[in-house]
Every structure is written in structure tokens, then in C-alpha cells.
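Only one chain is given next, in C-alpha cells, and it is the form predicted on its own.
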Amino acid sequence: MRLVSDEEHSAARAFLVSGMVWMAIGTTFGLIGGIALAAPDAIRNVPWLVFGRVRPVHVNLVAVGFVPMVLIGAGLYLVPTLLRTRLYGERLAHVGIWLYNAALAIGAIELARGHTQAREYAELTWIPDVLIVGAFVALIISFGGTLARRQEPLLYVSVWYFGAALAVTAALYPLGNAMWNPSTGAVTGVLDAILLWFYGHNVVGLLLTPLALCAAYYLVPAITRAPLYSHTLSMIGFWSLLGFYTHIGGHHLLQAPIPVWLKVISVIDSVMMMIPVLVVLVNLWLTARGRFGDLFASVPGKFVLLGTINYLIVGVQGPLQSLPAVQRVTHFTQWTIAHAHLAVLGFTGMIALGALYYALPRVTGKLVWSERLANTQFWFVFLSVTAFMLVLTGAGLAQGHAWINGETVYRTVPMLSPYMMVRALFGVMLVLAAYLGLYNVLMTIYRGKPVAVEAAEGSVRKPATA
């Protein structure tokens, strides 16, 4: 197999496999971090396994590696199918995957060695940053060429979301990582905090969310064999996401000395985010009305269905925790960690796995090797993410109420021990799910039975705009 292949769907296949590899590695580091929180003395005298190094490796391999790579892989199949043309620049997309993988490999090694920009969601140093930007530029060219050569004149909303995710990230990433300062990857003072959270929140909202909604808007109509409920609502959801999400990062800094007007805008826009969330979910769920059984009967469908339910929880929780009165209890606690896990793994991660199992037979020409393993992975992911949410939310509320009643931080640490033990236990389940999924993907590629799959479902290609 050539490293830079021109075979149709080969780039999509490479992104899917790479994403699952990083899921396995990323969740493994997450488990190591979870064990360190439950039993701090379990791993001694191994510098690259201390929590301060393991945690950013885990975060970047999951939030920058696994989820977007699987969703990009699915998008490289879905978008050309919607546009009724072959992906432009298959080899260029392969260049993108190699740059992306190199960035994650170099970045993980550097973070484990203690080399970091020390900025949340922007820990990767300058060389990995350059490689990631190069990967997105390659993908944008490939997407743009496909769009220019399309046979379908009308653009379905999934195409809008996929293109926006690539374009916004390519512009946002150099800004948020202050790439004009290679030595630090940062600016100075409170301005850096503002810049960081403008970027950090948008990694989730303007990369992971649009990619996940690209897949969801395709998969729900395709699996239920029903036309999208409203193309007008799909456009309202798209533009309101871009309009409101860009300004909400400041709600992480309500306790910091940033301008008051910036805090006000961030809180208002955080609350307004209920609009795109509810519009998207109403549109998808009304599309599936009367056919939810069809969704839950298929592996891709159940992943996507549970992902949309988690999107509702995340979409309510986010505006709620942006309010100053709520942050007095929740900020700097495990509540925030619960919210992050639900957003990345519960919402976008589950939709990514649904997109994986939908696209995999179509880009390999082979049936999924084991439906049983895929279903087992679903239940493992669902149970572990739900447990993370409940356990960490409980731990966060216990922390917050202790602090607000005058308890010192160090005296609240011992009471978190049972929460951390349960978290580590369910972390084992999530790691097993990751390796089961990777094994299933590899066995599908090398031992799956050949299958003939339709190129596209007509109901999915209804126009989102005239």
C-alpha cells in the first residue's frame, strides 16, 4: 500500500483508522491519569507518567486526535457522496493525514517529556502546530477542489458544516497558539488568557461540533430513510452556531481581571447558544419521528442518537455554568471536568463512532467484521461516559459547596478519593471500548466479507438552501 495513494476513499479510510489508533492511545493515557488521581503513589519515579504530563497527552490525543480525525475521515466519504463527485486531490488528503499523525506523535512525545506551551488545549509546541496547520490547509484544498467540481448544484447542510470546520480551524489555530511567538506560543498577561479561551472554547465549538453535526445531519436521514424535517432550520442552526459560539470563551474568566463588557458578551452568547442546540436537535429528532427504533436498531444509529441526547445535556449545562451565580459553586471543580468529558466523548465522540461504523463498510467495501463487538463497544462507551458525568458532577458539587462554606482546598482533597476510584474503574471500561473498536476496524479491513453498498441515499441530498 502506497503512503500517498490515489485510490478512491483511501484518505477517508486512513483518517478513520488513524483516529481509532489515537483513541486507544489517548484513552490509555487518560486511564493512567485516572489511576494517578485515585492512587497517587501507584506510579513512582517515572517522570513521563506524572499526572501533569499525562493529562495534556490524553486531552490532545482525544480532542485533537481521535474525535476530529474520525469525523474528518467520515466527512471525506460523506461530502463527495453528497456532491456526487470523487474527492479532489486524494493524494493531497493523504499528505494531510501524514502531517496530522506526525504532529500528534511528536506532540505526545514532547508533552510526555515535559515540553509544553502550558496553555489548556494549546499545549502542543510550535513544530506540531505547524504540521497541524499544514494538514488543515491540505484538507481545505482537497475540499475546495471537490466543491468546485461537484455534480450536485445544491449544497446540503453537512457540506456547510464540514467546510466551516476546516476553514475556521485553519484560521483559528495559528491565532490561538500565538504561532508568531515560536519560543513560547503565547502572548503576555491577561491578554493571553483572553486569547487562549477565545481559541480553547472554539476548538470544541467550531471544530468538533460542526464535524459532528455534519455527520449527524447525514446519518439520521440516511438511517431512517426520511427526508430532513426542515432545511430552513438547518441553516438557522448553522449560522447561529457561528454567530454565537465565537464569543463565549470569556465565561471561563469571570473571576479574572478581564474587561466587564467582555464578560457580559460571553455570558449572553453562552445563553444564546441554546438557540443552535435546540434548533439542531428539533430538526434531527423530528426527522426521526416515528423511526427512533430504526436508529437504535443499527450500530451507527444508536451512537448518533445517544450523541444527540448528550448534546442536549451539554447544550443546557454550558449556558447554565456560564452564569456567575452558578460558577461560584462549579468553577475550578470536577464539575467542569464532567462537562468536558460529556462534550468531547459523550456528544462528538459518540457521533464520531457512529459515523465510523456507517462509513467503514462504504470506504472498505467490506462488512463490519463483528456487529457484536461494535454493540459491546457502544455499551462500554455509553456506560463509562455516563458514569464519568455523574461521578465527576457529584465530586464537583461536593467540592464547590465545601469551598463556598469556607473549607480549605487541601482538606477537601481526601473526600474525593471514592469519586476518583469509581472514575478510574469506568476508565478501564472506556479503554477496553477503544481497543475493541480498533480491533474491529482492523479486522474489517483485513478479514471483512465483501459487500456492495449504494453510493448514496437520495433522501440525504435534499437541498439545504436554494
Partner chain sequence: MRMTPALVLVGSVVIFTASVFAVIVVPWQTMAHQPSAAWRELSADELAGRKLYIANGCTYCHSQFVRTQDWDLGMERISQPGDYLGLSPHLLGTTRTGPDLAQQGGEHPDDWHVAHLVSPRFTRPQSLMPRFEFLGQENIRLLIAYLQGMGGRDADQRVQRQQEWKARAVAAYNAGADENVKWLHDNVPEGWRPLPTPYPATEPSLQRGAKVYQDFCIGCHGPVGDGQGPAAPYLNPPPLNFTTLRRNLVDGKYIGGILYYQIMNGITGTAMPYFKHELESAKIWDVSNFIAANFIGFDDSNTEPAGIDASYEPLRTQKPASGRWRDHGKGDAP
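Numbering follows the first chain given and starts at 1. This one's a predicted model, so the numbers in the text were calculated from it and none came from an experiment.
Although it is not shown, the form predicted together with its partner chain is what the next lines describe.
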So in the predicted complex, does residue 255 come within 4.5 Å of its partner chain, heavy atom to heavy atom?
-> yes
For residue 286, is any heavy atom within 4.5 Å of its partner chain in the predicted complex, or not?
-> no
Does any heavy atom of residue 436 come within 4.5 Å of a heavy atom of its partner chain in the predicted complex?
-> no
Is residue 123 close enough to touch its partner chain in the predicted complex, meaning at least one heavy atom pair within 4.5 Å?
-> yes
Looking in the predicted complex, is its partner chain within 4.5 Å of a heavy atom from each of 160, 189 and 195?
-> yes
Of 67 to 75, 273 to 281, 146 to 154, 383 to 391, which is the one stretch near its partner chain in the predicted complex, taking non-hydrogen atoms within 4.5 angstroms as near?
-> 146 to 154
The listed residue (364, 298, 310, 327) that reaches within 4.5 Å of its partner chain in the predicted complex by any heavy atom is 327
Note: exactly one of 94, 302, 247, 201 sits with a heavy atom within 4.5 Å of its partner chain in the predicted complex, namely 247
Relative to its partner chain in the predicted complex, which residues of 389 to 413 have a heavy atom no more than 4.5 Å away?
-> 399, 403, 404, 405, 406, 407, 408, 409, 410, 411, 413
